[in-house]
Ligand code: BDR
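Here's a solo chain for you in structure tokens, the form predicted on its own.
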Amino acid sequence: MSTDAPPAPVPVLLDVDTGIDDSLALLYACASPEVDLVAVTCAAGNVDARQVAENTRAVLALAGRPDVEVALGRETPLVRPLVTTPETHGPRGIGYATLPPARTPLSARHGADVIIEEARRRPGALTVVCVAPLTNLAVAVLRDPELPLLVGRLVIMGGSFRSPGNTAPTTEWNATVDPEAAKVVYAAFGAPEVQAQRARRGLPPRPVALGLDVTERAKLVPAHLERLAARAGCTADGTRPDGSVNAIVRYLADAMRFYMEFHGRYDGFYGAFIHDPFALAAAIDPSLVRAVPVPVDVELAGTLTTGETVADWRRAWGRPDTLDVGVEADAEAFFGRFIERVGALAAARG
């Protein structure tokens, strides 16, 4: 019999703009034994930042993790006016779902300071997963230029590198909301001297960027929710055999119905791309994606293309690589884990 202890959970900081698929990422993090969720930082994006913070705390309470620190970050993009997306996520960001008001207080720390301080507390060990506009991380980099040498791994859900956009023809939502922030982060973490120092420390030299090219392969359909509900011991609307309700499954049913209706109107299928939990899953298990290094920049002044993440696949610029961009994904493996883990969490929470 092996006496090897299981590996210690990886400390993860999640930056969100909760949002339906952000809420699924929160549930997946709480359901994953590999994750030590040290904090969640909140940025504006899908909804305004204070609603993001309310949604985040409510979802963590639903998952049984009200102990996780939730910090409000910057409430507007670095330069541009805030644009939100109620047509995609609903006026409060969680579709048709309702959750009890959050009871735990917000952190006294600013979101950017949480990122800095948690990275300094465990240099080289913290995995940062950004599934929101990169506003908070950009502010953190501007406050502490050494941050790119302190973060262990950085995984970004954002951009569209070889596929159509979902906001404009060539642009993805997170990058479009705050393109200046994306440019700051790409430049800071992708600088050649930073990559060289990170490699010397045994760290991944570049951030991993998971754009629509790979996250849109995580296409959730009603059959996935039915399997998850069965794992939790209830019907797809959360009803148990005794007539009581499983709160997590009911939340998923109500939130995802709104999200699926949106995709039915705009994307031609009744289901939903669940970008954010896939990005978190790939941060936990990098084997879920194949990424390749490429120089990337962000368009800030295009008439039709502001927010486009421009990847120089042919090396026309002659610049060094700045990001490891996802090009292939194992969505089937991801869905197997998502259904099992979140279904088990729902069953355990009752």
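Start at 1 with the first residue shown and count on from there. Everything quoted here is computed from the prediction, not taken from an experiment.
There is another form of the same protein, the form predicted in complex with the ligand; it is not shown, and what comes next is about it.
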Are Tyr186, Ala311 and Asp324 jointly within 4.5 Å of the ligand in the predicted bound form, each by at least one heavy atom?
no
Is Arg206 close enough to the ligand in the predicted bound form to count, meaning some heavy atom within 4.5 Å?
no
I'd like to check something about Glu172: if you look in the predicted bound form, is any of its heavy atoms closer than or equal to 4.5 Å to a heavy atom of the ligand?
yes
Can Leu280 be called a contact residue for the ligand in the predicted bound form at 4.5 Å between heavy atoms?
no
Does the 4.5 Å heavy atom contact test between Val128 and the ligand in the predicted bound form come out positive?
no
Which of these residues, Leu212, Ala232, Ala119, Leu220, gets a heavy atom within 4.5 Å of the ligand in the predicted bound form?
Leu212
The unique member of Ser107, Thr239, Asn166, Thr84 whose heavy atoms fall within 4.5 Å of the ligand in the predicted bound form:
Asn166
Answer among 21-29, 6-14, 338-346, 324-332 for heavy atoms within 4.5 Å of the ligand in the predicted bound form: the stretch 21-29
Between 63-92 and the ligand in the predicted bound form, list the residues on our side with a heavy atom within 4.5 Å.
His89
